[in-house]
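Starting off, we have a lone chain in the form predicted alone, written out as structure tokens.
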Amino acid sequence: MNWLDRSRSMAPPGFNRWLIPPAALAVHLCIGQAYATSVYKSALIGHFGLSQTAIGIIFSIAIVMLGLSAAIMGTWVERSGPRKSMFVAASFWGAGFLVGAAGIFTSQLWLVYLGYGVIGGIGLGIGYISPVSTLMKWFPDRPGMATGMAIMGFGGGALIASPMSSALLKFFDGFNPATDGADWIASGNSVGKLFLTLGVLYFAVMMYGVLNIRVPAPGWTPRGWDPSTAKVSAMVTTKQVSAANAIKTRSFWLVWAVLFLNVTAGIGILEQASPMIQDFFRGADGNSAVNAAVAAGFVGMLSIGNMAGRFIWSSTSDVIGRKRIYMVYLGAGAVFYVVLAFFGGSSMLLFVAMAVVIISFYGGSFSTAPAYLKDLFGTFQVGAIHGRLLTAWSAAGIAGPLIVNGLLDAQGKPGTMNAHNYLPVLLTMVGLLAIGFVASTLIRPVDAKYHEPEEELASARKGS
């Protein structure tokens, strides 16, 4: 397995750096399937005969494991290099599906928790951070755009996985539109076969990334680029900070808080998107002007906004700076939430436009975070630092749904609510974003006492 070592993946002179983003995308498009679990959720509920909560825990475990594995394995990923860590991610992600399939075929839910949730979740975490620091080293002149390209794939993975999974489920079940009605739900057996297919398919696609990822030679820079031009702001350091020291700084925890609050607010819409648009346009007779198909289209538009925001806003941060773009995410996001809360029910166009922009900010906060960490802490162990930061995502994945569901439960039963029932939820999100805005303004350059001594950096680079 020596071919997986960092030393064996060093790029030769003249290597085209634009070959790296497709390798990173191969990984992120595959693990982005995590956003498409709703495709087979009803089928699993019927197969196991359990509640939505019991099945929903599968996704929750995966997201928690994403954050934990990224935080715990971040230093190993940085030390081992992208090729080995991407191979490990592909193995865990593929194996997670296979173990999950065994759980479905034998009707043992704990095996699905273990497979897709725990094993697959480890693959999610390692795969998410594996190519990020490598991309920033290949694109020191445009780190925001580089990370945006890769992390955009995670947002867009569901756009591929959802229709592909639906088509495969129909194929495995022998779906006949003439006899199977619109209320058709896939069988558990077909979901098991889907898991087997996805496990093998995703492993193969991720191996494309493993085989094509390269790390730049020490000291490499893009042709014609002057490294001194990178330091255009006091918020961009030329020094290096280790992962162990980074978590001792106030700036790291302020960025953690900003990401946590922005993601929590975004989940407020994502988690409730389909019923939310139907409730906003429910008439006095109790019927909504938005049917299930239109609501599904709205969810698809949010996915596009989520994906596009990861590239557009992260690339924009290369121009206006990371601190300013986060102030836009949080400040403008709070204003748009207010508009949504008080005027969203008056116009469907306004409602959709506000929601899509808010979700684009949600996606942008993910893809801008690695570049912000690079600005504050340098590239020395930015992958490991990024891994620790992703615990904010795990925490938001728990806090967001709890806040939204708790507030809505107090307002009424699903299918009976109107736009005004969402005021407590949306105004709570405004409050979270306002706190995040204040936290963002407090982020400062890292104190020099946390910088790594040059002789230790030289020794570490020689060892790698």
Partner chain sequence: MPSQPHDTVNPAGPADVPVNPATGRLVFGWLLVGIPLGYGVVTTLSRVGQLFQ
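Residue numbers count along the first chain shown, from 1. All values reported here derive from a predicted model rather than from experimental measurement.
Beyond the structure shown, there is the form predicted in complex with its partner chain, which is absent from this document and is the topic of what follows.
Trainee: Would you mind picking out the stretch of 220 to 228, 312 to 320, 259 to 267, 193 to 201 that comes within 4.5 angstroms of its partner chain in the model of the complex, counting non-hydrogen atoms?
Mentor: Checking each option against the 4.5 Å cut-off leaves 220 to 228.
Trainee: Taking its partner chain as it sits in the model of the complex, is L442 in contact with it (heavy atom to heavy atom, 4.5 Å or less)?
Mentor: It does not: once its partner chain is placed as it appears in the model of the complex, L442 has no heavy atom within 4.5 Å of it.
Trainee: Although the partner isn't part of this model, could you tell me whether S346 comes within 4.5 Å of its partner chain in the model of the complex, counting any heavy atom of the residue?
Mentor: No, S346 stays farther than 4.5 Å from its partner chain in the model of the complex.
Trainee: Look up in the model of the complex whether A284 has a non-hydrogen atom within 4.5 angstroms of its partner chain, and give yes or no.
Mentor: Flag for A284 set to no.
Trainee: Although its partner chain is absent from this view, report whether I359 comes within 4.5 Å of it in the model of the complex, heavy atoms only.
Mentor: No - in the model of the complex, heavy atoms of I359 and its partner chain never come within 4.5 Å of each other.
Trainee: Can you pick the one in A26, V404, A62, L44 that has a heavy atom within 4.5 Å of its partner chain in the model of the complex?
Mentor: Checking each option against its partner chain in the model of the complex, the one that comes within 4.5 Å is A26.
Trainee: Which residue, M301, I185, A332, V339, has a heavy atom that falls within 4.5 Å of its partner chain in the model of the complex?
Mentor: By the 4.5 Å criterion, the partner-contacting residue is M301.
Trainee: Spell it out for me: taking its partner chain in the model of the complex, does every residue among Y40, I104 and A244 have a heavy atom no farther than 4.5 Å from it?
Mentor: The answer is no: none of the three residues contacts the partner (heavy atom, 4.5 Å cut-off).
Trainee: Which residues within 284 to 310 place at least one heavy atom within 4.5 Å of its partner chain in the model of the complex?
Mentor: If the 4.5 Å heavy-atom criterion is applied to its partner chain in the model of the complex, 284 to 310 yields A293, V294, A296, G297, F298, G300, M301, I304, M307.
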